[in-house]
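Below, in structure tokens: the form predicted on its own, a single chain.
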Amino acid sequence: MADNPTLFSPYNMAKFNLSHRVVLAPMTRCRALQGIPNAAHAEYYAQRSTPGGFLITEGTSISPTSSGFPNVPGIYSDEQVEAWRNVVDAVHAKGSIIFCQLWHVGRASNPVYQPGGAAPISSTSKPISEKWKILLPDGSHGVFSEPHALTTAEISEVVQHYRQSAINAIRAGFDGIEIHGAHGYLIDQFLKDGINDRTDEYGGSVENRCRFLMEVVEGVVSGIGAERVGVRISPAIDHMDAFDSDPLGLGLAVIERLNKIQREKGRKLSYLHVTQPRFSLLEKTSLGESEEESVNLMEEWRKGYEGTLMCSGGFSRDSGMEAVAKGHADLVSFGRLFISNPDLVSKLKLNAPLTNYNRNTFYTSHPVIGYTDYPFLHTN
């Protein structure tokens, strides 16, 4: 079995012994009224828990300036920490491991989500183009507003917010945290040369553009230990105008620096989580060539990273099995399929039919509809 791993083979991730390799991906669900997790969250995550399984929460705000969606939970206040404890306890009761994804959307926001109606913060003062729309609290869609480019002193404050939120997550009972450095949000706004137009030590060269993420990683590791920290990146994903002229090189630059941190600490991070670059808008002559490029990028990043690699991005049972069997990924995270199939692990194992998801209820605030009401294959 060790020579031919599958999605259902055990795996040792840092200090955690997983019974299988199917992971619940982080997904925004907009159910936390006033930013506080509630009983519906406990049920939702417990439904998707399995003995020895691994779950990552939805993006969770690290500060009052972090949000760009309605009803997103936070992890920066004592009330939020206490509320998350109930969720974590429900997951642990089912035998699962759960990490909290730490999130700051940066410029992917609007003054309606900011304290005092202020401008969102970013690496830049350039707004996201009107090609993209933001979901507003009233359910309508609006434009992203012009952000405030962080000063170096302000960057240090944000690093501290990440560190304190990680400490808070452990206080809430989480097994660890994932730093969201992907998908056009704050950290990605520093990483990508299509966004970052700074001329100080946080802009220009790839080394400078990696600086903010590495300061966040160092800060969080100093607070809770390397083995409780995962990092998510998406070098080739263009979400929210997040282009880079050299996605392969950017990914390798991040990987090189994460490897260095691991060697210096003498401990591995929990994992590196990479979104497949299948949705990149890099110019290609055909879909087939784009898919080939995607595989090549993932193989290069896999070869470079000295630790556990998790992949996400539209995986099916077959493509997930193939990724693990070929060694392209140690773990595979599933998003939308896990929304509509709370017992996804057992369904994949049995190769049973999957329930279709309803996009119209992804981001509603209802505590049940489209959240905890999807059927199980076997009712208890």
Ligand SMILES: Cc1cc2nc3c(=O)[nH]c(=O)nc-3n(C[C@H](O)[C@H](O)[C@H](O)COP(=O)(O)O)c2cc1C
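Residues carry their position along the shown sequence, with the first being 1. Given the structure is predicted, the values throughout are model-derived calculations rather than measurements.
One more form of this protein should be noted, the form predicted together with the named molecule, which is absent from this view; the next part is about it.
**Request:** May I ask whether 101, 312 and 335 all come within 4.5 angstroms of the named molecule in the predicted complex, judged by heavy atoms?
**Result:** Yes.
**Request:** Quick one: from 198, 94, 171, 183, grab the residue that has a heavy atom within 4.5 Å of the named molecule in the predicted complex.
**Result:** Exactly one residue meets the criterion: 183.
**Prompt:** With the named molecule left out of view, which of 320, 26, 53, 342 would have a heavy atom within 4.5 Å of it in the predicted complex?
**Reply:** So the residue touching the named molecule in the predicted complex, by this definition, is 26.
**Request:** Answer with yes or no whether residue 58 is in contact with the named molecule in the predicted complex, where contact means some heavy atom within 4.5 Å.
**Result:** It does: once the named molecule is placed as it appears in the predicted complex, residue 58 has a heavy atom within 4.5 Å of it.
**Asked** Do residue 107 and the named molecule come within 4.5 Å of each other in the predicted complex, heavy atoms counted?
**Response** Residue 107: no contact with the named molecule in the predicted complex.
**Asked** Going by a heavy atom distance of 4.5 Å, is residue 362 a contact of the named molecule in the predicted complex?
**Response** Contact with the named molecule, yes.
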